[in-house]
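Just the one chain here, laid out as structure tokens, in the form predicted alone.
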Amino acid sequence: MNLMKSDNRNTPDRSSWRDKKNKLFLGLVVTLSIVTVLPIFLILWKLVKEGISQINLDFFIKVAPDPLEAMTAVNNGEIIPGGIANGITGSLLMVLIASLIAIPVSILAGIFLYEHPNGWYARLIRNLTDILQGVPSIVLGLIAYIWIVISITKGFSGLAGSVALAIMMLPIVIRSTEETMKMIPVTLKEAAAALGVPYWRIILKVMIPTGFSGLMTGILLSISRILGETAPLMLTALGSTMINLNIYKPTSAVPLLIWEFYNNPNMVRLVWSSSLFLMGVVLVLNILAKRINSRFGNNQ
């Protein structure tokens, strides 16, 4: 009886100490979360504060200004004339070509890894994919320089930049495709096979439509990944002061323009504006990927 009374007397103290520890841990988690997120908000605030002044219609429809025009505008306290139209069109062109190259190959490779998970060839592809995902982008740009710039186009070109970006897309889409296929119930494929549907139609009509959300998420995230790359494009696309849609000629891109603006003290404001634009595009793509995954993923 005395022991039971002693335990009852100690229970409120233990409960109080447990509540204090829970509150302490919760406060620590909240504090560390704020410390983690705060730099992101500071970066966003800095980009918006410094870059919004240059955002206007000319920013999207005109090419980058020459250094003299920029210096004159800065000295007069005016908005720097021109924009990043050559970079926007170049980025769209190279991302489009890179997607046309990488997406079909990546989806087929991901399906192959799913269908033959334990084969030596599948293990080799999986290991190479993991290695490729960790390779610095400048190395991939050097590979594209050797393959395309030197051997095919005999000069810098948008095609070489697209190949470099396509190589960067491959590991992301391959692994996302494989993981998406794993989440699809095997019974769907077995039911289609039981009906006598050919294997290739099972893949095209059953597996890919069912895993649409996962596939699109991987594709959009890979596009977000390559949009901000500068190093591989410096070795392949080089850049252009004009709008160029010829994939065999040097082509500009928004990250290349940011680097060029950075090297000119009179164009610093365009650095902030271009960075704000690029961040906005990447943010939209990431939100779109999440929306697609949340809307269609529940239907799988």
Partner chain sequence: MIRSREIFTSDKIAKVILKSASFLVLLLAAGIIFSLLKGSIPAFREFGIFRFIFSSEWNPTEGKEVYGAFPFIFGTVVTSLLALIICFPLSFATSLFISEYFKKTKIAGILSTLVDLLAGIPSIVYGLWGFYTLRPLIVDLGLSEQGYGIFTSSLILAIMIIPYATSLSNEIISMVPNELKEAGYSLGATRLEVIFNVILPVSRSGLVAGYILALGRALGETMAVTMLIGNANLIPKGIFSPGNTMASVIANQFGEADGLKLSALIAIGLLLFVVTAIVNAAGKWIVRRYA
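Numbering follows the first chain given and starts at 1. Just so it is clear, the structure is predicted and the values come from calculations on it, not from any experiment.
There is another form of the same protein, the form predicted together with the partner chain; it is not shown, and what comes next is about it.
Stretch 254-262 is the contacting one of 53-61, 254-262, 240-248, 66-74, since its residues have non-hydrogen atoms within 4.5 Å of the partner chain in the model of the complex. Between the options M183, I152, L96, L108, the residue in contact with the partner chain in the model of the complex by a heavy atom within 4.5 angstroms is L108. For the candidate set A85, I79, I125, M216, a heavy atom within 4.5 Å of the partner chain in the model of the complex is found for exactly one residue, namely I125. In the model of the complex, no heavy atom of M169 sits within 4.5 Å of the partner chain. Interface membership of E179, defined by any non-hydrogen atom within 4.5 Å of the partner chain in the model of the complex, is ruled out. Not displayed here, the partner chain is approached by T129 to within 4.5 Å at the level of heavy atoms in the model of the complex.
Proximity of T230 to the partner chain in the model of the complex: non-hydrogen atoms within 4.5 Å are present.
With contact defined as any non-hydrogen atom lying within 4.5 angstroms of the partner chain in the model of the complex, the contacting residues in 191-206 are P198, Y199, W200, I203, given in sequence order.
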